[in-house]
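Quick heads-up: it's one chain on its own, the form predicted alone, in structure tokens.
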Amino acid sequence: MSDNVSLEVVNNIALVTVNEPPVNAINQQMRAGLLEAFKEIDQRDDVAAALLICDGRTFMAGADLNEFDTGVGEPNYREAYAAIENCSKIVVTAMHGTALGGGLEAALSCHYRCAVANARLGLPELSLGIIPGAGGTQRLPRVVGAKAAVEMIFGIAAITAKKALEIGLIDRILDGDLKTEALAYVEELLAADSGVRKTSDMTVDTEGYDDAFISEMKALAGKRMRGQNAPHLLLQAIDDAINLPFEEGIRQEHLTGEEAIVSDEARGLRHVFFAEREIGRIPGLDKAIEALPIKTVGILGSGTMGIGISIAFADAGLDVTIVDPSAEALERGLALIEETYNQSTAKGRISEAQKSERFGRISGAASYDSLSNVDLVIEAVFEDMDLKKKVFAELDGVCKPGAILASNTSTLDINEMAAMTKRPESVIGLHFFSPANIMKLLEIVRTDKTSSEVVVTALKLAKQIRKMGVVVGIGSEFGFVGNRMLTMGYMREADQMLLEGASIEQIDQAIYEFGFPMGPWAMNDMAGVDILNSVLESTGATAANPKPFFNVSRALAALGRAGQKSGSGFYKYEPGDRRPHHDPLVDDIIKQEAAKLNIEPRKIDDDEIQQRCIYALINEGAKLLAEGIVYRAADIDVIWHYGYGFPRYKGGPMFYADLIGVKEIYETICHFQDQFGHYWTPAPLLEILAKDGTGFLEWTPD
């Protein structure tokens, strides 16, 4: 066999065991081992049946994704799985942990399938912009029917063993030791003379797979996977399973699968997949450093952000104390937390017992003294430097030695806050995104003196509360990574184009068509027009940057148009309705601001809107990389996907730049510099990469 596939005969049953830690990912060596094992089993007279199982904590949890870029080595999946299915002895597989992608496709090539009760089974390929290309689109419909197959694949999330039994994906749920119970099941099948049951010989049940269902699935794909082509390729492959002989369907699946694998969307989705796994690897950070124990957390502030952060930690099993000197505000905050849990219970997301347990972990207090023994404090007070410096000075005097003091600031220099304490090494930024209990991004902001232990602790905490924790630094401009790129690039250009003649609705629609969940102005109304303006003013950004610089945004804020919460911002809103409506008054304000600056309106097309917003992001990202504020270009991509909704299938702004070509991006920015001036000075790193013919993802600092 091979190093990761073994074969032994137990009585007259061939036991084929896969062992490729940590998740039994299917690689070339494993396929070779499976092919050899089942060829041998087919020829052995002392074997009546075979059982395929896996060692470790899981069944085969998918393919080795590196082969998607390097090419699949021989033997390929089709050859290995055909050897399993065409074996003359009955083949049973027993699954535990997760059987995903190529792992479940291996199981589908077996004649009988069983699983332990807590196993999870799925074909999540669409999340990577591909289709199940190892026989999944041809075998699954034959086993469970076309309708159930599409529902399962479009659902992406793995299903339970109970559900798998209901739809006919597995034949039995095992109760007890996996190997013992599975061998007993094989013996039972032999005693019943069950015989070989090849999936390829089955016909596809098309009940319920009609035009109405297909339209429903297309609409679902348009909502969940907007802009992606893989769902349409999947439906074509299912049609092939229905209409073509098995072998022809398999050949067509291979061609369709290859088309998907090399697509830009699949490359972008794979990039984000790997980038997510890279963010915890911090250059120069000793792997031997252990995280500090965090069991209790204090939150300063019971506003929207404080509430969301509290829920995130309580959901993860930590005890939380919310401190707010205003009894009224604290009571209102706790009531909102309880209502959030009530809604989750009503929607079936958590049980009544879970609601009581989680809400029971959260308590309120009026005094900082209640934080004297907590392990971590996160301030979520108003975005004002003087206030935050005062808070840190008080916390330093109250909190126990070794406690971590964190700021949720989105823009301010945490070094200044740390300087107010006698423990600057214990100060860090934990920038949550609103709503903090839902949004998955956490910017972990290191100061000049943050210790390695505190950084490691923050990374571990991020995983514990199910966030994507990306470590960044503090630069010469406000906003760390995400908000600096947002403000100094993306939204600055969007505001500028309003002055030049683009409408609010046109900009929002163009960015939506690019793939974002919403445009910049709908987003700004949701976040608060007043907040952006306050940050620009308080940090000195407005004074430091020449006009035009957020002229429209500042004009609206000056009129008290704060966005959804005030009923008007860039759009107007009806009471109780968050849908944006056009407001002619804003058109007048834009015209007035343009006239002050002697800007003549012109026609701006959607391509220019998308280029100026996205290329401005890329240019600012290049500056951040060169300044060492972020470790890798891929870290920026993770931040912009999870924090701001950059379309996952386009990989993030820096991946997108490499996809378009850094040279082309550079030349376009040079053109914008000639046309628009100051703000379009190409980042030095962008120029270097363009002239070297390289890209951001392969760049590393000297």
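Throughout, we count residues from 1 along the sequence that is shown. The shown structure was predicted, so the numbers you read here are calculated from the model rather than taken from an experiment.
One more form of this protein, predicted together with (S)-3-Hydroxyhexanoyl-CoA (3H9), exists but is not displayed; see below.
Find out whether any non-hydrogen atom of Glu105 is located within 4.5 angstroms of (S)-3-Hydroxyhexanoyl-CoA (3H9) in the predicted bound form, and reply yes or no.
-> Taking the distances in the predicted bound form, the answer for Glu105 is yes, it comes within 4.5 Å of (S)-3-Hydroxyhexanoyl-CoA (3H9).
Applying a 4.5 Å heavy atom distance criterion, does Ala25 contact (S)-3-Hydroxyhexanoyl-CoA (3H9) in the predicted bound form?
-> Close contact exists here: in the predicted bound form, Ala25 approaches (S)-3-Hydroxyhexanoyl-CoA (3H9) to within 4.5 Å, heavy atoms only.
Taking heavy atoms and a 4.5 Å cut-off, does Pro124 contact (S)-3-Hydroxyhexanoyl-CoA (3H9) in the predicted bound form?
-> Heavy-atom contact with (S)-3-Hydroxyhexanoyl-CoA (3H9) at 4.5 Å: present for Pro124.
May I ask you to state whether Leu659 is within 4.5 Å of (S)-3-Hydroxyhexanoyl-CoA (3H9) in the predicted bound form, using heavy atom distances?
-> Close contact is absent here: in the predicted bound form, Leu659 is far from (S)-3-Hydroxyhexanoyl-CoA (3H9), nothing within 4.5 Å, heavy atoms only.
Out of Gly621, Gly268, Gly563, Gly133, which one falls within 4.5 Å of (S)-3-Hydroxyhexanoyl-CoA (3H9) in the predicted bound form, going by heavy atoms?
-> For this set of options, the contacting one is Gly133.
Of Gly643, Pro647, Gly62, Gly33, which residue is found within 4.5 angstroms of (S)-3-Hydroxyhexanoyl-CoA (3H9) in the predicted bound form when only non-hydrogen atoms are counted?
-> By the 4.5 Å heavy-atom cutoff, the listed residue in contact is Gly62.
Among 196-204, 276-284, 609-617, 241-249, which stretch has residues whose heavy atoms lie within 4.5 Å of (S)-3-Hydroxyhexanoyl-CoA (3H9) in the predicted bound form?
-> Correct option: 276-284.
Check, residue by residue, if Tyr77, Gly101 and Leu128 all come within 4.5 Å of (S)-3-Hydroxyhexanoyl-CoA (3H9) in the predicted bound form, counting heavy atoms only.
-> The answer is yes; Tyr77, Gly101 and Leu128 each reach (S)-3-Hydroxyhexanoyl-CoA (3H9).
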